[in-house]
Each structure stands twice: as structure tokens, then as C-alpha cells.
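Here's a solo chain for you in C-alpha cells, the form predicted alone.
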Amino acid sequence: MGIRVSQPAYIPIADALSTTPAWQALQSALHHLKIAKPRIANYFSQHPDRFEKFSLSAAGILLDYSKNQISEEIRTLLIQLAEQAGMQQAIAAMFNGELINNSEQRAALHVSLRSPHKVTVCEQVVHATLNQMETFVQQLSSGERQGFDGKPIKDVINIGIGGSDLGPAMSYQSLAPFHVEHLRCHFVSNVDPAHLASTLQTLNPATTLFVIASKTFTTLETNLNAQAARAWLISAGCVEQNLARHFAAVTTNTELAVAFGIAPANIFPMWNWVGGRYSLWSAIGLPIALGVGMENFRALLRGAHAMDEHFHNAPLAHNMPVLMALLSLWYCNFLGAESQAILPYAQNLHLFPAFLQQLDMESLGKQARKDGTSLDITSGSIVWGSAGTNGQHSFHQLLHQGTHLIPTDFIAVVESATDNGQQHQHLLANCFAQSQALMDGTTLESETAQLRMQGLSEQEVATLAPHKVIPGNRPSNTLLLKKLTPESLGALIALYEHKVYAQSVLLQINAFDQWGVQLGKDLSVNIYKALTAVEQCTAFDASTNALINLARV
């Protein structure tokens, strides 16, 4: 798969998706669905081979989507919808380097960051950067790179925010069994000074390295934390000429990084054709490489590339990211779901829901189609979740008995990361039981019979039984990994990246810009000036003025 950056004429936007024949056919199927009210469990009794027909494997991941509110007819119509939306052409456009980020006139070539090929200029630059990273990792692992008092670096603090923080932090936490012994990685993102202060509390300035991850090197939160880190080193006795020993940067703005005091050899490139939330595969992933070793970082890339190959080449009916995107569209736009739960039954993946929250909501939270016209259908979902089994003792109650329809992705790992296999089997049992319980539920009749068997009076049975009924028929996917390794993690992340892109194609929106993020940043500049001014603030609305005046210190 050779990847190039090109600038062809941009593919014109088609008519609204809601006008396609497949959409109209799905509306008709939905009408019949509401009349028939089929249950997911009944699909299994009617079709014993449903699991075989509604599951597939790719890049070491099994997707079981059999517990969804779709028949074979609806699945066929959904695939036709993808065809009529130009899905195959859109996938090809991304891999061909076309300007699919049309509002910024950029390609979106995060897939090139994990390509093993070195054919195009783009790929050659990527591999040169990987070699630069490998040299840097070796210098730290060997003790060659030392702090201001001659001791080897022992701690690395990544200072970034958004995609420059969540991706690396999630990946490092997910790969805990692969952490190197000689180095610990930490992640600071919040402009709240407490975040940096609590991280620095137990660290030795002489053996701490900071990686400043900022595409433009102008991000307010990152710059303030970087300045505070610099002051911490100086207060510990590090003289100006030795500061460069304690800093590296990942940025497109080499000039500002050098002005900050970072040595050119310690500055790693970023490119405009990689969005922040898609950047962990680049030098933004330097903390991952430092934390698990360069060989494991390359394995992470290999896993992602395997999923890239699947997404690029698999027919739509057997394309895992496309099928997941179609299911999300089905629930959002036909069945009225507003949110999606991500439930990894693996503690090391506890940051994965937060990572997906940014990936999905920043990419799909749009109201304008690519041509600037208003979106006439529902955009992306509200994404949330946490690691199982913790959620079972909190929000799962809403999943089971609440009035909201919340499609759920369960993520499970067959082999434990520890030696306690029996406890891991209990974890898996809980995961599989939750998806079954969401599907099956309980009935008033069964709960009434149970209570009668317990000897309750008829009055007690009539009062209590309705509270115990669980409606079921709640949809879920289960994603099964054999083991959580760098390679399988890479494939899992890439799966969701491509799922989000495929969904953006269906919605006819740009998944790679984020104009909504900028407004609050712009407004905060003038509000900061008002907060630090002497006179009472009267420049804004009454609420903002009052809050500023009350918050002055």
C-alpha cells in the first residue's frame, strides 16, 4: 500500500443521504419493525447460525455483532446505504492522499504513519522520524542521555493536551505489562497547576525529562505547563545552559521550540496532514516508545497497519469498521439512540473510553455537511464508559432498566495479563453475562413466579415484581482480543479510527477538522485580561462579568 499526498479535484458531495433509495427502504423496514417488535433473542431461536453470519475477524480481533437489533434484510439495506453514500470511493480517497479534510484543504494521512513502505516522500519522512525516535529511545535506555548532574534520566513527563495527551497516555497505560524497568512515564495536560504539581511532587528534577507535545507550540495549556516545568528545573539548581538536557519537543514549529531552549536534535517533526487525535502513531507517541521500548512501538504500528489493510481491501459486507459505522448510524438515526457506551473488560484499557470520546465526538460533532449545507440527520453519539466490572455497580443499572436506548461495545481479552487465570475467567464471565442480560432481560411473568416461589404474598408479589422486570432487547457488540499486546492494541485503535471515518462518510461531514474547539480558546484570551485587570469588569454579559469580578484574587 503506497500512500501519496495528491491534490485532485475534490469529489463533489452527493445528495443528502436521507434521499437515497436505501435510506427510504430502511425507513419502511423501520415501520414494519415497530409493528412487529421483534426481539434480538428471537433472531437466535429462528436462526441458529446467527453468530456465524453476524460475526467476523480482522487483524486479530473478533467482532460479534449478532446481539443487535437488525435482521439480515436490514443489514443488506445498511450495506446498500454505504454503497450509495460512496463508501468505497471515500476509503480509496483517504488512502490515495486526496484532500478529504476539505475545510482545511489537507489530506488525512495518519495511515501512512504505520505503513511499512518507504515508497512515497511522505512514507520516507515518516520512517526517518521513526529512526530519530529509535536513536533517542536507545540513548535514554542506555543511560547515555543524562540530566544536569550527570545521572541517567529515570522519569519522562509528557506535556500536551487533547490528541497530544490522550492517545499516548491511553496506550502507555494499556501496555502496562510491557513497561520498561528503567523509565517511568507521566502525562500532564490540565492547565490547572495542581496537575503538574502533583506529578512533580515525588520526582527528582535531575533525572526528569519533559516532552513538550504541541503541534504549533502555541497551545496555551501546554505552554504554561512547559514554562512551569522550566522554572521547576531552575529552582532545583539546573543552570540555563543545561536545560536542554531535560527537554524534547514534538512540533511543526521548530523556531518556537528552539526559542524555548530545546536543542534542534531533540525536536521531532509533526505534519499538517496528521490531526491531533490521529497522531499517537507519529513522534507524538514518543512517550509510548520510551515507556515500552521501540520494538513494541513498532509492533503497535504493525497492528494498526493490519487493520488499515482490512479497511482498505475488505468488501463492505465484511468490513469491520464499516459495519460498526452502519450500526451506529442505524441506532442514532432510526432508533433514536443518543449515546454509546464503551466498556472494556480489561483494567489496563481504563482510559480507552476517554480516548474514544475525543476521537468520536471531536470528529463527528458537526452540524454542516462537507458542502456547507446543514446536516439533516443526527450526527455522532455521546460516547462514554469505563472499565468493567466497575460499571456494573454504577451505571449499568441505567443500561438495563433505564428508558434510554444505549448501544454498547464490550471489549474483552481472552488471555489474562496476570497469572491469576481463575479471577480472569470471572471477569470474562461478567462481560459475557452483561451482554446476554442486556439482550434477554426478564419478564413480569418470570419475576412473579420467582417471588411466589419465595413465599411472598400476592400483594407483595404484585408490588415488587414490576420493579424487578428488565426489558432486555438492548443491543451490544462484543470485541474479543486473544491478548492485549502492542499489536492487538494498534489494531483496536485503528478499528475505531476507521469506524469514525466511515461514519463521517455516511453523515457527509468532515471528520478531520474541529472548529468548535477554537471558540472557547479565543474567548478565554479577553477573559484572562479581564481577570487580571484592576478595574471591575463590565465588558461581557451580566453573568460573565459577575463571575469574573467574584473570581478576582
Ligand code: F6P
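Start at 1 with the first residue shown and count on from there. These numbers were taken from a predicted model, which means no experiment stands behind them.
The following text describes the form predicted in complex with the ligand, which does not appear among the structures shown.
*Asks:* Give me the residue from 369, 474, 310, 215 that has a heavy atom within 4.5 Å of the ligand in the model of the complex.
*Replies:* Flagged contact: 215.
*Asks:* So the ligand isn't shown here. In the model of the complex, which residue out of 385, 380, 162, 205 has a non-hydrogen atom within 4.5 Å of it?
*Replies:* Residue within 4.5 Å of the partner: 162.
*Asks:* Looking at heavy atoms inside 4.5 Å, which stretch does the ligand contact in the model of the complex, given the options 314 to 322, 138 to 146, 270 to 278, 347 to 355?
*Replies:* Stretch 270 to 278 is the one.
*Asks:* Thinking of 173, 298 and 487 as the candidate spot, does the ligand come within 4.5 Å of a heavy atom on all of them in the model of the complex?
*Replies:* Not a single residue of the candidate spot has a heavy atom within 4.5 Å of the ligand in the model of the complex.
*Asks:* Looking in the model of the complex, any heavy atom of residue 123 within 4.5 Å of the ligand?
*Replies:* Contact with the ligand, no.
*Asks:* Heavy atoms within 4.5 Å of the ligand in the model of the complex: does residue 68 have any?
*Replies:* Result no; residue 68 lies far from the ligand in the model of the complex.
*Asks:* In the model of the complex, does residue 525 have a heavy atom within 4.5 Å of the ligand?
*Replies:* Although the ligand is absent here, residue 525 would stay clear of it in the model of the complex, with no heavy atoms inside 4.5 Å.
*Asks:* Taking heavy atoms only, is residue 219 within 4.5 angstroms of the ligand in the model of the complex?
*Replies:* Yes - in the model of the complex, heavy atoms of residue 219 and the ligand come within 4.5 Å of each other.
*Asks:* Can you tell me which bits of 510 to 535 touch the ligand in the model of the complex, meaning any heavy atom within 4.5 Å?
*Replies:* Sequence-ordered list: 514, 517, 521.
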